[in-house]
Structures are given as C-alpha cells and as structure tokens.
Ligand code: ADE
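Okay, so here's just one chain, in structure tokens, the form predicted on its own.
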C-alpha cells in the first residue's frame, strides 16, 4: 500500500505505479462521455466553481474520474473517497492522484475502519459541497461533524438507497443542509438505473460464474428501475425471469412485461439465480436459504450489503470456501451448496466494472450541473431534499441527443397555441 501524508495533496491508494494503466482506461471512458466532456470544456473557460471545496464519496471508477476532472476544470478543489469497499478500481485511484492532481482515498477491499477513515479524511477539507452515493458521507457529517454541517452549502446524492436515507433525515428534521437527489432525474434513473444496472449486473454475474443464463430460473427481488433493467437483460439472454415484489403496481407491471410474479418464499424453492435490487434490508434470509436448491447463486444489486442476510447464511452453513475470485461457497445441511457473489456487495462493481461509461455520462453531467446550481444559487435552497431542476434534466437529454447525432421535431406556433388553450375541442 502507498500512503503518503506529507505532500501538497494527501492520498491513500493501493499503488501509484498503476497510474499509467488507470489513465489509459480513464481516457477510454472519456470517449464514451461526450456530454460530460463538453461540460468540462465549458467549465475550463467559465470556472464557475473557482475555489469551491468538494468532498465526494463515490465509486472510484473511470467514469467517476472523469466527473472529478470536470469539477477540477471548473476550479473546484476536490477530494474523493470510495462509497463501497469493493468498487474501487485501484489503477483509477492511482491515476487521479498521479496524473490529475486530485486527492483520492480509496483502496479496493479496504476494511470498515479504513472505509470510514477515508470518509473522515475528505471531510477534513472543510467542504462547501458534498457528493454522495449511498449517503455515508452525509450521515457521517451529521453524526460526527455538527459544526461542519452548518457551513456546508449543499450536496448531491447519486443512488436510490441514499435518497431514501436522506428523505428519512429530512422527514425527521435532522437534515442540516440541502441535497439534490440526482438519482431521481429522468436522465439518471430511466437510463442509468435501468440500462446501466441491467447490463452491468448481468456482466458481474457472468464474469464471476461463467454461467449460462438461458433456461435458468432467474429471480429478481424488486421491480424498481434497477430491477426492471435486470429482468429485461436476463430475459434477453433466455432466462425464465421471476419477479418478487411488495408493491401491487410494480408486481402488475412485471406480470404485463411477461415475467412470472410470486412471493419470494415460493420463488426460493425453484430459483437458480437470485438478485436483490430493493434498497431494503434482509430481503433474502434464513427462511429462503433453508429451501433453496443445491447450487443456487446469490447476488445483490442494491447499494448496501444488507439485502442478503449474510449473518444468517454464515450461521446456517457448516463450511465455506472461495471457489472462484468473486464467488464463495456455503455448504448447508444435506450438503446443499449456495454460492454468494462479491460478498453480497454491489455485484456489478464487486465482480465487474460497473455501468458503461455512455450511461454514466448523463448521470455525472447531472451531478456537475447540480453542483454548479447549488453553488451559484446557494441562497435559494433550504435544508431538504430537492428534485433535479427540470431545465438541467432537459439540458442533459438535449446534449446527449446531440452527441448521438439525433434531432427532434419542434412545435409549430399553431400546435403551441392548441396545447395552451382549453377552448379548442371536437
């Protein structure tokens, strides 16, 4: 491990010698992120975040690196740490420090103490703005740094789980500064959550197991935008998709999308592959483990590793071992084996590279523009969770369409008049 603290920028990464490799992969991702690249070019001229200190707790991947470069180009002083112990790309972390002069505190496989130590370190920069993926950074600010919270202008949140936590804080009156829920932007959840999570989750499962999905019973727990995407891609590979839900509307939608719908207790008896994507806790637990078939595979696509009850799984097994780089075997009664991918953490990042850069382009363009809005209009926000402003969502969509070489129709004056009138009818 490389750990240096007496430099212009402190950092904690696995190995700086990986920086050349990281830079090449960051540049490769940048080719697939034309919207963010265009914002970076604009920011280099306008410098809208000059002198603004930003603490970011995000997955340290090539796509995140390009977001950090964009904020840096805008004049911000950025420090970044990992939002998941298994999502860090060590060469990317090294490149951020060595090639782009951005302080980074992230090591793949770091333990819990190191993980929270890194969060506390980025907070030592006394940030004006926080960027979060899962709300661990914001919750640490509120638990441990009350005085700092009073000075923070605002923050952004990237994922569903984090938005849930932050809305709970706001409802309790505990949230001390405004947060923009980037996750809820249409150009984020309709694309990143559905197409990004769908593809990258399947990618992680296949890289970890080399499994043939065709003909398998593939159980998706939760039919939100992430669950929809996972089910869509699994079905496309020939799997027999089963959806479990607690929402009648989502269950009905899953049924009309052509999937089987049933309670998890029933699905547990027949499923071959199980993926959780609910944002909740203990979705698959002791009762389900006890009836699963020999060889069943367990994976989680939710942000935290609480959706699969790992404690119960450990208690039920009489032996366990690693059988592949990201796969652990748990042998239960009757010599049944269950296989857990990526320690129950985000399978798309624990066992693969996360979302494709092309879809993260929109998510991170939202992040950059929301940070700019928070800073430039900081007196307009109160301590609550805000939706992404519609004009930002529309701008990101327009920029993405332009980058794809696609054009839109425009309304004629007559059509605009018709839409704005209540007098015209049959």
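A quick note: this is a predicted structure, and the numbers were derived from the prediction, not measured. Residue numbers count along the first chain shown, from 1.
The same protein also exists as the form predicted together with the ligand; that form is not shown, yet it is the one meant from here on.
Note on the interface: of 36 to 44, 393 to 401, 49 to 57, 359 to 367, the segment with non-hydrogen atoms within 4.5 angstroms of the ligand in the model of the complex is 359 to 367.
The partner is absent here, but in the model of the complex a heavy atom of 354, alone among 134, 127, 354, 342, sits within 4.5 Å of the ligand. The partner is absent here; in the model of the complex, the one residue of 276, 348, 156, 92 having a heavy atom within 4.5 Å of the ligand is 348. The ligand in the model of the complex is approached by residue 61, whose closest heavy atom lies within 4.5 angstroms of it.
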